[in-house]
Structure formats: C-alpha cells, structure tokens
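In the block that follows, a single chain appears as structure tokens, in the form predicted alone.
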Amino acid sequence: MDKNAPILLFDSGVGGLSVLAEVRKLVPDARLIYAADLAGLPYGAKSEAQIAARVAGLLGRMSERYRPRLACIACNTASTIALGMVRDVLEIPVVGTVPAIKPAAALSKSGVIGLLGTEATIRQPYVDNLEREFAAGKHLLRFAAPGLVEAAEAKLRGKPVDRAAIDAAVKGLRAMEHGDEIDVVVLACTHFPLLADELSEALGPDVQLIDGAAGIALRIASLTSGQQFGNPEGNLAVTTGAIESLEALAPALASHGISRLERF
C-alpha cells in the first residue's frame, strides 16, 4: 500500500470534525482527507433513497480520485442508511458511525436514556435493533433535533449559538414520558458533540453526554495498525458545495490540522 494513501472521512457538513479530532489522537501520522457534502446538507430531512444514492455515489467517486486506504462515514444518518451499500461499492475498509446506545445503556443508572438525532436517524430500523440488543428493559427516548445541525455549523463559523435550538432539544426530551429521569443522552449526530458545552449546561450536571467518536477512532486505528504513513502534502478538506462555504470554516479546520481546501 502507498504510505501516502489517505484516510477519508466523509460527512454532510462539519460534524465529522468531532470524529477527525479523535482519529488524529490515535493515528497522528496519517494523511487525512475530510470531505463535507455541503451541497447536500442537511441529510436529516432527505428520504432514505436520496441519502443512500447520494452517499454511495459520492464515496465511489471520491475513492477513485483520492485512493484512500480506508473510508469513514462520519455521519450517523448516512451510516444507518447507506453503510451496507457503500461497503458493497468500495473495495477498502469502510467504518460507519452508529448511535452509542450500548455504552449509554451501561452508564445509565435510572434506566432512562435520551437520544438526540436527525429525523432520518431516529426512525431507522438500525436504531430499533440497537435498542433491542443493548437497551432492553430500559427507556430510550428519541427526539429529532435538526436545529442542532445548523447551530453546530454556525458555531464553527464563529457565529452565535442558537440558544433556541438548544432549549428546544432539551425541552423535547424532558417533555416525553420519563423524560425527567434521563441521566444519559446519546448524541446520535456527529454535529452534536460540537455543542456539548451548551447541551450540558441546559441538561444539568446529573446528565452525561455520550457519542461514538472515540470508538470510531479506535476502530480506524485497529484497521490501520502496522501500516506505514506519509503525509508530504498535508491534510486536505474538500466540499461538494461552494468553496466559499468551506473557506468560512478555515479557522476551525486549521485547528484540526487542515490547511488545504478544495472543491470536489
């Protein structure tokens, strides 16, 4: 394998940066390409068929262009819908992102777990299966919080966080039956950990937040263990949207070790 072959991380927007940060801790020498499908944002409001076709098509084309050693779908919505299709298309390891229901169930003492995600994620059979397997006998309260995606995107662009979106997400969970007993909240969208401080403040000190970023990074580190890495060109971010949208994120991307920006 070419030691300069990158790890490709794909997301609808900037949420996957929460995953990239963990990957850089465990695989610091790897060349990374972060792909943001800003032209397709938001995914949560799209149909399953639209998401599956778009994600598989884009990752197929990106794999041909960038020749990655591994691809990561750093997006819960895309993973729960398109992961199987992408694995059929690509001839490299593909790591997905799924809601951290298993560790949340182990953490919860009250037996009541909140789950914040996009509209598309919370209705997926994949989530039903995770609940049956790992949270049987517990209450998993799902709430769609699409406003948090926009709030996270705005935050990384240096704009004020929309407090109404934070309040709506928390009130939505609390208003559900057993909502006042929630002691763990699963952040089932990679955008949401970017708002961890705001969500923690609104939920209170007795509620733990959990997401899957660290586990994804461990899986990537395991799959690339023993491989050689080179990064002569530096890390790269690409977007399907206007390059100006990506340039607005330049400071945030730079903080994650990415200085080169391109339109895909």
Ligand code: DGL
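Note that residue numbering begins at 1 and tracks the sequence as displayed. The model shown is predicted, which means the values in this text are computed figures rather than measured ones.
Below, we turn to the form predicted in complex with the named molecule, even though it does not appear here.
Visitor: Looking at heavy atoms inside 4.5 Å, which stretch does the named molecule contact in the predicted complex, given the options 82-90, 183-191, 131-139, 107-115?
Guide: Among the candidates, contact is made by 183-191.
Visitor: With the partner left out of view, is Pro42 within 4.5 angstroms of the named molecule in the predicted complex by any non-hydrogen atom?
Guide: Contact check for Pro42: yes, within 4.5 Å of the named molecule in the predicted complex.
Visitor: Just checking whether Cys75 would be counted as a contact of the named molecule in the predicted complex - the rule being heavy atoms within 4.5 angstroms.
Guide: Heavy-atom contact with the named molecule at 4.5 Å: present for Cys75.
Visitor: Is the gap between Ala100 and the named molecule in the predicted complex 4.5 Å or less for some heavy atom pair?
Guide: Result no; Ala100 lies far from the named molecule in the predicted complex.
Visitor: Mark Ala169 yes when one of its heavy atoms lies within 4.5 Å of a heavy atom of the named molecule in the predicted complex, and no otherwise.
Guide: Taking the distances in the predicted complex, the answer for Ala169 is no, it never comes within 4.5 Å of the named molecule.
Visitor: Within 144-174, which residues have a heavy atom closer than or equal to 4.5 Å from the named molecule in the predicted complex?
Guide: Heavy-atom contacts within 4.5 Å come from Val149 alone.
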